[in-house]
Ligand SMILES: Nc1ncnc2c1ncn2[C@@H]1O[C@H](COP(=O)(O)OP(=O)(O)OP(=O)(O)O)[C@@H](O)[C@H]1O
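First, one chain by itself: the form predicted alone, in structure tokens.
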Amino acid sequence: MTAPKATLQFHQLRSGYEADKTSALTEALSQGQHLAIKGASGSGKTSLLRVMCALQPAQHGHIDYQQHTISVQNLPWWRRQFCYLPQEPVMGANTIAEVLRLPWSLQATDKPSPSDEACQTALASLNIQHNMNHDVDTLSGGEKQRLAITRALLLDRPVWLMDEPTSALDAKSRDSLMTLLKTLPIIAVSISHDPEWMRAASHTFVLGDHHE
């Protein structure tokens, strides 16, 4: 049986902010695989993820996706291939419905806007039980984190780039998210300190202190 063809590749990737100046990411990922990155505070994890998201340039190395090297020329295309989930969830609107449809309001996707039914199904998969008109300012940190993940589900992009996606989640919500991720036809890259989350990933990369 042949291995699935890798579609996302990191070649000696460095942001330049790594505490360990010898650390560089080289990895090949295919659909259904998950790379989890760990390291001590200040080791450069978020900066590396920001390079992947094209929010800052790489100091060294490059990224290939679907046999295209990511460059300034194809950044608009690359940015429509991934969902970025920063550690502080971006709500960007007042109600749950508006938050879920924010990418469509910003014309960040060409896909049809999700129906109320699709939104409610996605909310249920993350165990969010509020109605669509609920004020997001009243949500807990964990609910906001799950709401951002719900929006990523609806956006339905093939790559997810996540910074501490479980930092505000309890163990039950974390386990549910790990189970959900395994069912999705995506490539996932995440930053995490959670040993259970790291163990669930198919690939791991350690930045900084290798004895952590």
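Note that residue numbering follows the sequence shown and begins at 1. What you are looking at is a predicted structure, and each value in this text was computed from that prediction instead of being measured.
The protein also exists as the form predicted together with the named molecule; that form is not presented, and the subsequent description refers to it.
When contacts are judged by a 4.5 Å heavy atom cut-off, H193 counts as touching the named molecule in the model of the complex. Interface membership of S47, defined by any non-hydrogen atom within 4.5 Å of the named molecule in the model of the complex, is confirmed. At the 4.5 Å threshold, heavy atoms of G42 reach the named molecule in the model of the complex. Remark: T109 does not count among the residues lining the named molecule in the model of the complex, judged by a heavy atom distance of 4.5 Å or less. Each of Y17, Q87 and E164 is positioned with at least one heavy atom within 4.5 Å of the named molecule in the model of the complex. Per the 4.5 Å heavy atom criterion, the named molecule in the model of the complex is contacted by stretch 33-41, the sole one of 33-41, 145-153, 62-70, 168-176.
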